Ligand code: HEM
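In the form predicted on its own, a lone chain appears below as structure tokens.
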């Protein structure tokens, strides 16, 4: 719905906006905790108890992040027009849409969109992929490091020595474990952690690119993008291509 006199359009529903800000806050907190964990020795945090506490806090925030992400993925099938995956995933004719958008920007009168412009659609899809990788790798590490759900019980049962109950297995403690299986678990979890960390770096690079793009778009007078993620409404100076 729009008001053609004022150029104000309904852009983002409440669910999409709530996801956006919860996701941002979770990524910010998780990244800060992650940096502390990676550098805990150099900042004077020592001992397994401190390591477990940090990992547990990181995992707890991670569950909020994962729940929020899964709801958003589902909302992509159930939500309104702007929230649906069909509004993001390139379809037939997308190449021409991208070409026309670039041409309009070169001509000095860029096309406007209530939703995401063609470049923005690709960026959002890529960031959603990175977020999903972060979620999966994070859950694997939570299960292998401190035996947290959803994989923790399975991992504890795997490393438990014969005759030892899995609930007696403690994080960062080899007591009661089978030496060979414990060593194989350490080898298994390492690449998941590497992917998790470097995906986080790539995600922050994309976030910075996103912030620069939003700033440039607003400065060029192509619409009020930042405020629309609070109010749900977007002001556009020209009739949108996806109105």
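Residue numbers count along the first chain shown, from 1. Predicted, not measured: the structure shown is a model, and the values here were computed from it.
Omitted from view is the form predicted in complex with this ligand, to which the following refers.
Within 4.5 Å of this ligand in the predicted bound form, do 12, 88 and 128 each have at least one heavy atom? Not a single residue of the candidate spot has a heavy atom within 4.5 Å of this ligand in the predicted bound form.
Based on heavy atom distances of 4.5 Å or less, which listed stretch (174 to 182, 211 to 219, 41 to 49, 190 to 198) is in contact with this ligand in the predicted bound form? Comparing against this ligand in the predicted bound form, the contact stretch is 190 to 198.
114, 83, 139, 123 - the one with a heavy atom within 4.5 Å of this ligand in the predicted bound form: Going through each option in turn, the one that passes is 139.
Touches this ligand in the predicted bound form: residue 53 (any heavy atom, 4.5 Å): Judged by the heavy-atom cut-off of 4.5 Å, residue 53 is well away from this ligand in the predicted bound form.
Using 4.5 Å between non-hydrogen atoms, is residue 159 touching this ligand in the predicted bound form? Residue-level check for residue 159: no, no contact with this ligand.
Partner contact for residue 134 in the predicted bound form: this ligand, 4.5 angstroms, heavy atom: Because a heavy atom of residue 134 falls inside 4.5 Å of this ligand in the predicted bound form, the answer is yes.
Is there a non-hydrogen atom of residue 186 within 4.5 angstroms of a non-hydrogen atom of this ligand in the predicted bound form? Close contact is absent here: in the predicted bound form, residue 186 is far from this ligand, nothing within 4.5 Å, heavy atoms only.
Enumerate the residues of 158 to 175 that have a non-hydrogen atom within 4.5 Å of this ligand in the predicted bound form, in sequence order, or give none. If the 4.5 Å heavy-atom criterion is applied to this ligand in the predicted bound form, 158 to 175 yields nothing.
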